[in-house]
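Next up: a single chain in structure tokens, the form predicted on its own.
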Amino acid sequence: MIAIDILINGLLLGGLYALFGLGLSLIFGVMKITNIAHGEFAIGGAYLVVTAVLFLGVPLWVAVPVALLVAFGIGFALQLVLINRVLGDDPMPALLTTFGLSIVIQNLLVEVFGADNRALDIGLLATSGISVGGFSIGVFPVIMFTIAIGLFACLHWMLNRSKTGRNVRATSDDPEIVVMMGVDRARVFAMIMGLSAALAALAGILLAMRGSITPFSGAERLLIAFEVIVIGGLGSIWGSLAGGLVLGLVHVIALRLDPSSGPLYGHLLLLLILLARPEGLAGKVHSR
């Protein structure tokens, strides 16, 4: 019975972890860069909703989609105006640029909101549960897991069944050739960064609904996202889902066995994966 409870809670937590990794995996799969500001995008999205709900009185159900649109626009603009200028064969300029962005965003959040914990109140939904087979399962974790699975499926469909997805995959495979075929590579990259920022913001919003955040929470979220995509396979969309579920299970099991362990066992899992299977669970690098 305890094993089943651990399995359920680990998978539900893994859904949120996978969502944190999804946007980072998308960027790496298409642009072959790592966005160091990914965690700050997530926490920044949550603070957008905090601002709208707590300070402006906007209903939560209105604030969330507006925040996601704002996050998409910010990511799109940053890529189009700033990051595209430093992209090239050497990934270091883009890495340093996103590192600088993470510092700027974090300090802005501290300046505006201070270092106190913030959370989003979702009322009775936070404590509501359903009984399944003698187990009590939280309603909100199930909602988060369902959202994560739905977004993975939608992104898979977009990449493999739509014209936009074909342009994205072609740009990922050969960004030089697609320019000769009339594809605006810069705008494709900007759209991917905007989409990644929106996905990160949604993960951050769900985190703020599930617990609490501070302006310094971004670094931890980046680490979770990075572990997810490395375990699953760099650039693999479905690999990121698998990586998130595995990491969630490891964290829940570790907390049951050693409550003071924190994320230690997740780091050890990452090390073992790198030693035994450097390409990750997906087995190869791709953008689908």
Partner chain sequence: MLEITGLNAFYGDFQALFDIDISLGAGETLALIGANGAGKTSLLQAVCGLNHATGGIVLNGASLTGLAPQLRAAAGVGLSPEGRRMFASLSVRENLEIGANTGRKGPWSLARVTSLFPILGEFADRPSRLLSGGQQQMVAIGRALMSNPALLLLDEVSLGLAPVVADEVMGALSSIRGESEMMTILVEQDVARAIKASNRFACLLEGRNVLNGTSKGADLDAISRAYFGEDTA
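Computed from a predicted model, the values in this text were never measured in an experiment. Residue numbers count along the first chain shown, from 1.
Although not depicted, the form predicted together with its partner chain is the subject of the following passage.
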{"property": "Answer range among 198-206, 155-163, 142-150, 68-76 for contact with its partner chain, defined in the predicted bound form as heavy atoms within 4.5 Å", "result": "155-163"}
{"property": "Partner contact for V132 in the predicted bound form: its partner chain, 4.5 angstroms, heavy atom", "result": "no"}
{"property": "Contact of V178 with its partner chain in the predicted bound form (heavy atom, 4.5 Å)", "result": "yes"}
{"property": "In the predicted bound form, N167 touching its partner chain (heavy atom, 4.5 Å)", "result": "yes"}
{"property": "Contact label in the predicted bound form: G182 to its partner chain, heavy atom within 4.5 Å", "result": "yes"}
